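Before any questions on how it binds or moves, here is one chain, the form predicted alone, in structure tokens.
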Amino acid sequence: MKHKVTYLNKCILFAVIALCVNTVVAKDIMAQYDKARRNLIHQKPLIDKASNKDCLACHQEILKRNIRQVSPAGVKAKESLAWYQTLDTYKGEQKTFHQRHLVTPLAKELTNLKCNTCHQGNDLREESVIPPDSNNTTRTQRKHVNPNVCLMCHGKMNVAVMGIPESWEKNGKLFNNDCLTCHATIRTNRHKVNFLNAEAIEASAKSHKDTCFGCHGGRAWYRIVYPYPRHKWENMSETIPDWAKNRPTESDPRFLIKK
């Protein structure tokens, strides 16, 4: 009996020690998290200079994470097509959101997207604890994204301004489904921003008709259009149409290509 009590006491002691160690480790982890979330790289002006390497040093799981092989409803990924796989420009298996934007062949060919293209960080004083996650209800860091950045590539096609009777899906055949039928000479000063590969886009547009439409209505998450800046092009008319009088003539400064 004495032996059993001694053994029981040892078990309790080990349990207490383990609990204390886990508590100390947990507090250390939270201290590191607190330090990281207050790192000035998450705020202006350092966020604009952050490289993908800087971001992925802590957030590398965003690219290592993969899609479900089987959906909650039992649908197998290999036996289904995602909407983006139906486009001529997309090749390969289904990928996660961030993989499609950063590391797929199409993303590397046509874009130069970086983490801080979309994520501009945030001030800890502004909603830094909302929404909470299931494991940590008080210290969740929000990854703010300005929806206008998404809108640039996921807005509705402005058929009214272009004078097309209906949507491109219905009337594209009138132009041989080729945007360059008109845009070979109209608004030719385009795509010259630091998150796009302008020359690659122009080359791809000549052989893949989905290249242009993909970002100009083909992947419309929104029901509104993006007011693209009207950069002056060669032989541009001096007369500004009513719909363009309030349009900017330059891209956002943070997207300009530094020479």
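All residue numbers are counted from 1 along the displayed sequence. Treat the numbers as computed from the prediction; the structure is a model and nothing was measured.
Note that the form predicted together with heme C (HEC) isn't included here; everything after this is about it.
A.B. asks: Is it the case that N189, even though its partner is missing from this view, gets within 4.5 Å of heme C (HEC) in the predicted bound form, heavy atoms only?
C.D. replies: Result yes; N189 sits at the interface with heme C (HEC) in the predicted bound form.
A.B. asks: Applying a 4.5 Å heavy atom distance criterion, does K44 contact heme C (HEC) in the predicted bound form?
C.D. replies: Because no heavy atom of K44 falls inside 4.5 Å of heme C (HEC) in the predicted bound form, the answer is no.
A.B. asks: Taking heavy atoms and a 4.5 Å cut-off, does V75 contact heme C (HEC) in the predicted bound form?
C.D. replies: Flag for V75 set to no.
A.B. asks: Give a yes/no on whether L180 approaches heme C (HEC) to within 4.5 Å in the predicted bound form, heavy atoms considered.
C.D. replies: Close contact exists here: in the predicted bound form, L180 approaches heme C (HEC) to within 4.5 Å, heavy atoms only.
A.B. asks: Within 216 to 244, which residues have a heavy atom closer than or equal to 4.5 Å from heme C (HEC) in the predicted bound form?
C.D. replies: In sequence order, H216, R219, W221, Y226, Y228, P229, R230, H231, W233, P241, W243 come within 4.5 Å of the partner.
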